[in-house]
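Okay, here we've got a single chain as structure tokens, the form predicted on its own, with questions on binding and movement later.
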């Protein structure tokens, strides 16, 4: 996989494709807003005018797109992936989507003779930049093994989870837990502050206890300063909560904590916070505490 196509240059895709370039890969990039390709071109990437053009040129194609609608559009729409997909090519979708979306994409790719792996990632902007993502792959085992060298550049650990859909499901479970934790953490910071405690001391105490974790340590100081520079946009976190709740419906799993957390993220979106970091859900707790 020394030459790859890369579709989608948002916060994550830009960092991931840059890592491939700096490790010597020849990368052809595409983004719906083509100007987002400019910085990567400066580092040696070439640009494909359409997803189909990228597929025509490259044997291996990686996609990192914002949501199920975008992932489906890039594959099935005019000038999309399927127009040039054929035997011998491999498509690796690293977007966070639901299992049904992943299965539809797999069917489309394999119907043209291609091979498919879903490989959503756990991690946000900084892990993507540092090549420290956790990759949750499922699908064609041969393609997964061929992609491992690239996965090792983009991530610190790759899991092969079996059939298509399992990667998507694992990612949704992980992000559901993360979103629920962020809501509880936000409530804790506000409760400490309203109780006359120093929130920074709360962070120190948490970091020394059984629930210490990198997310609290990394996000906490910025949240206390109302700094929500987007590493993982809140609108995408809410999308993942919604998809996780749908997975819960399918499996008759009661998820009251996740449901309440989803409502908080929806509230944050209604407050115009969707493009900020998902930690901006903290603002919903602050707003509620001021109104009581």
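Here the structure is a predicted model, which means the values were calculated and not measured. Positions refer to the first chain, counted from 1.
Below, we refer to the form predicted together with a small molecule, which is not included among the displayed structures.
Across the options 99-107, 162-170, 117-125, 199-207, residues that bring heavy atoms within 4.5 Å of the small molecule in the model of the complex belong to 117-125.
The closest non-hydrogen atom of residue 138 lies beyond 4.5 Å of the small molecule in the model of the complex.
Mapping the unseen interface onto this chain, residue 228 falls outside it, with no heavy atom inside 4.5 Å of the small molecule in the model of the complex.
Heavy atoms of residue 81 never reach within 4.5 Å of the small molecule in the model of the complex, leaving it off the interface.
Among residues of the shown chain, residue 64 is one whose heavy atoms approach the small molecule to within 4.5 Å in the model of the complex. Using a 4.5 Å heavy atom cutoff, none of 76, 91 and 143 lies near the small molecule in the model of the complex. Interface residue among 224, 70, 53, 47, judged by heavy atoms within 4.5 Å of the small molecule in the model of the complex: 70.
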